[in-house]
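Shown next as structure tokens: one chain only, the form predicted on its own.
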């Protein structure tokens, strides 16, 4: 029995877990559930019905992408982990990853305002507030990409969670806030993301059309 990942790849949190497992060469099966369409598929394993949820071989369930990735790093061991084990290298990866996650959250909150609220109570200033901060996050990440040149973002000798989450965050923001000029304003980040999106691990977890 393999690991089972509950969640669809429009969710950047689910997607970063799936990409990480592919890079770690940890086999898994995806259940591409949409929470609002099939909540029972997830609530059977997660009492708060959130994705991603990862069910292990023995039936134990893990929740939230950060906790899931922490487990996966432990399972992969030091040679396969995507976050360094200690010290400044770990802090650097975690810091960049936190900016990427914050950017995802801002884009998601702006997206949800019109997706789940009736039109008559959509609060446009809240959308604009979150879009402003999503763009600020992308601007910061774009600067890091420019500074890194041909290197990985946190100065690691191979891809890390900072790189994965940065690319996933950019792609998600471009998808759900398509009117924002993210490719024009952040060309280095766009090129970095395109390079990662062309790899097998990213292609195996495509954002739904």
Ligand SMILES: N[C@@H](CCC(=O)N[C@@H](CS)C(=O)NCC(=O)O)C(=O)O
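Positions refer to the first chain, counted from 1. Computed from a prediction, not measured in an experiment: that's the story for all the values here.
Separately, the form predicted in complex with the named molecule exists; it is not shown, and the next lines address it.
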Mind telling me which stretch in 22-30, 136-144, 156-164, 62-70 gets its heavy atoms within 4.5 Å of the named molecule in the predicted bound form? 62-70
Does residue 50 reach the named molecule in the predicted bound form, with heavy atoms at most 4.5 Å apart? yes
Close approach of residue 148 to the named molecule in the predicted bound form, 4.5 Å, heavy atom: no
Please determine whether residue 192 contacts the named molecule in the predicted bound form, using a 4.5 Å cut-off between heavy atoms. no
Using a 4.5 Å heavy atom cut-off, state whether residue 108 contacts the named molecule in the predicted bound form. yes
Which listed residue (44, 35, 180, 56) meets the criterion of a heavy atom within 4.5 Å of the named molecule in the predicted bound form? 35
Those residues of 2-28 with a non-hydrogen atom no more than 4.5 Å from the named molecule in the predicted bound form are 11, 12, 13
